[in-house]
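In structure tokens, one chain follows: the form predicted alone.
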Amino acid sequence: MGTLFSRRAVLAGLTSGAALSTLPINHAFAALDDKPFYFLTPDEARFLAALCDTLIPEDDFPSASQAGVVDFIDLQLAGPYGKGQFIYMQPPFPSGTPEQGYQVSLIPATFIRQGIAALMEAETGFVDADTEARSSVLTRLSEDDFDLGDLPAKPLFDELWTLTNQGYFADPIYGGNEGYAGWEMVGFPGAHAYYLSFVDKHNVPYPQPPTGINHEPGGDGRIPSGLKPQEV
């Protein structure tokens, strides 16, 4: 049987890198520390933490990894999205346009896993690089100016950018938006049932903290996943 890698063990070993070296003990995977990853390997998770923190760095609000985005991506890749259950995946695969949606012949989990592997091979120092160097790599990727062999560069960037945004701003029940960081950033009050007292008020901040669908006082809005942990 393979080793089950916990989230705490993964980021505990990060001692360098401009953004990652300053992460507090309550790090990216704090809410799921007692559980292993469901899809990602530790190296993939470290790489994604560096990549996502370059896209959404820490400022007045938590960085992407601090807000649980890597957890979100892990769960998405292990679930229906990663398996391509809602994507037509039958050949032939003629060239499409960005407006037509997902155009890769691989299911998302395979595409992203192979993409991460190709990026880690091409940019061996990415995790430990400073923000400027990591941003340069992602800019090239976004502009389709990156050789990933048979894998398309810009579609890979687009999928990772979309997942990062979704993980930062989606309801916490999906594994990201730790502590409602994304909702606090944009001033979204969350899944309250009624706003009757504010229906006629405009440009007035809602006076309650954000709450998600599964919110409990003192909780983070997350629910346990029914997925089985990935053995690696």
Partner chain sequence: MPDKTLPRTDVVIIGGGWTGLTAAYELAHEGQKCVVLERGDHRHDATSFGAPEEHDELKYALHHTHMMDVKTSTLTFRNNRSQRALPMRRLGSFLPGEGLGGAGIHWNGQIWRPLPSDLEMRSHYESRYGAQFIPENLNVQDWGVTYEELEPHLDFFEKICGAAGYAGNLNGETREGGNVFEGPRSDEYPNPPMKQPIRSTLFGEAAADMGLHPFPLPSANVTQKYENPYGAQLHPCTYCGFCERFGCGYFAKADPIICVYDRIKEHENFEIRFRSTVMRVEKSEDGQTATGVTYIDSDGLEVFQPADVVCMNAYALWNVHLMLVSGLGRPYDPQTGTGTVGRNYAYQTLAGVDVFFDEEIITNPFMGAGALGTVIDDYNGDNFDHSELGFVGGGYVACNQYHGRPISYQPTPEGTPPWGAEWKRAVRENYLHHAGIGVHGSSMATPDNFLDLDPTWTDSFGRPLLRMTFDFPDNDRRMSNYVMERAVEIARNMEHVRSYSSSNRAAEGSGYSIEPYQTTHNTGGAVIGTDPSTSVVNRYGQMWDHHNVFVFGACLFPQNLGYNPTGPLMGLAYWTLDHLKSDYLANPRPLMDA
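Numbering follows the first chain given and starts at 1. Since the model is a prediction, treat every value here as computed from it, not as a measurement.
One more form of this protein should be noted, the form predicted in complex with its partner chain, which is absent from this view; the next part is about it.
Could you work out which of L148, I87, M120, A109 is the residue within 4.5 angstroms of its partner chain in the predicted complex, going by heavy atoms? The residue in contact is I87.
Non-hydrogen atom contact G96 with its partner chain in the predicted complex at 4.5 angstroms: Contact with its partner chain, yes.
Does any part of N165 reach within 4.5 Å of its partner chain in the predicted complex? Heavy atoms only, please. Although its partner chain is absent here, N165 would touch it in the predicted complex, with heavy atoms inside 4.5 Å.
Is I56 one of the residues lying within 4.5 Å of its partner chain in the predicted complex, judged by heavy atom distances? Yes - in the predicted complex, heavy atoms of I56 and its partner chain come within 4.5 Å of each other.
Within 4.5 Å, heavy atoms only: does A50 come near its partner chain in the predicted complex? No, A50 is distant from the partner.
Residues from 144-177 in contact with its partner chain (non-hydrogen atom within 4.5 Å) in the predicted complex: Read in sequence order, the residues that approach its partner chain (within 4.5 Å, in the predicted complex) are F157, E159, W161, N165, Q166, Y168, F169, A170, I173, Y174.
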